[in-house]
Every structure is written in C-alpha cells, then in structure tokens.
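In structure tokens, one chain follows: the form predicted on its own.
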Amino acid sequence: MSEEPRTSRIQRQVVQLILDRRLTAGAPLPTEAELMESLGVSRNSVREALKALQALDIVEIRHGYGTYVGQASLTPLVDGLTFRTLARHDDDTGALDEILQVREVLEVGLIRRVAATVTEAELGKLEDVVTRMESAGGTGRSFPELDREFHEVLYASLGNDLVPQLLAAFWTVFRRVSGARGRPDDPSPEITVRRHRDIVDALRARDAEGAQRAMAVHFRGIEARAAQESRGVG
C-alpha cells in the first residue's frame, strides 16, 4: 500500500483537530506556528494543507488575521460539477440530462413528504411566487430566480437544511452550463407557470401522488426543451 501523501495527511489532521475541538464555522484555528508544533511539520507543509482545505471551504484564510473554520458550503461541488459537465464537449445533451435526472430523483421523491408537512403559510408563499412568475411572463421576461425561489420555499417544511442547499447546487450547475452553452431562457413561460401552479394545487389538496405527477411533468418539460435546444429546434 502506498504511503499517504504528506499534504493529505496534514489536511486530515487539521480536519480532525476541528472536529475534536468542536469548532464551528467562523471559529479561529491555531496559528501556523502552533500547527507546526502540534503536527510536527514545516511551515510550508502547513500552508499547503490549509490552501487545499480552503479550496474545499473547510477553512478560510484571512490574510493578516489568521485562519478560521470555513462554512463547508457546497461551492466546491458546484464548481466541480460545472467543469465536469462543460468538459464533456462530445455529449452536451447527455451531460445536462444527468444533472436534471439527479434533481428529478431528489425532488419527485421529496415532494411526497412535502404534501404531508407543508403549512398554509408556506403554501401562501408558493402561491405568491407563482403569481410573480405570471406577472414576469406576462411582460415577456424570464424568471429563473423566481423558479429557484419556488423550489427553495417548496422544501422548507421538511426542516432539512441540506435539501435546499443540495437542490440549489444542482440548479446552479444547470444554469451555469446552460449559460455557457448559449441556451436561451425558458421559451414557454406560460407553460412553466402552469406546471408550478399544478404542483401547488396538488399540495393544497394534500394529494401526494398528484404532486409527484406534477413534479415529474415539470421535469419532462425541462428535459424536452434542453433536447430541442441542443438539436437547434424550437
């Protein structure tokens, strides 16, 4: 078995230190000198490890102030998936389809739980977003940010902080790749509005199966548009 690279080992040790000391986001880490002494490594080795951890948002290096525990956001995942998708030059549609399929599996599966947990106040917020979609569509404007807001509000009742972060990550990747590929915004805003309203109507009726069907239809429409655009149709 090959020996673990030094930088990787130091990264793991710094992460373990954060966990052992139960440090939270924004908490200061030991100084470079203290890390050198406790880990028995050189200053350059400590700096290399911290830079690698900063790229993962595990630590935040504030020059002149020190190093702090990072937010551990999904930004590295977003950046990596965006590059992975854009790098597939020979399979543009397939790469986007993969992103959509992951989103669909998550959302169609989760919407059933939402039907049982969503509150009247949250339904009101969803109705408000759809109404603003209608207003934007009526003036010929696209509304990607409203679409994102809808899906963020949609899962609030689950009380799972990871769900909106993960869905937002895949949404961001899809938007970035679509923008880089020069894909137009939603060519059929009225259909998009109707599909979002169908989701809200099913949830208001506490119809879990209907909500799942409405969500699946919503994604079928996104996938169909992506395929048409890749063929230069529509």
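Note that this is a predicted model, so its numbers are computed, not measured. Residues carry their position along the shown sequence, with the first being 1. Just so we're on the same page, rigid core means the largest C-alpha set that superposes within 1.5 Å between forms.
What follows is about the form predicted together with the DNA, which we do not show.
Proximity of Thr24, Pro28 and Ser73 to the DNA in the predicted complex is absent: no residue of the three has a non-hydrogen atom within 4.5 angstroms. Residue heavy atoms within 4.5 Å of the DNA in the predicted complex occur in exactly one stretch of 168-176, 59-67, 203-211, 188-196, and that stretch is 59-67. Taking non-hydrogen atoms only, Ser42 approaches the DNA to within 4.5 angstroms in the predicted complex. Taking the partner from the other structure, the DNA in the predicted complex has no heavy atom within 4.5 Å of any heavy atom of Glu37. Annotation for Asp201: C-alpha shift under 2 angstroms between this form and the one not shown, rigid core superposed. With a cut-off of 2 Å and the rigid core superposed, Val173 has a Cα displacement that falls short of the cut-off between this form and the one not shown.
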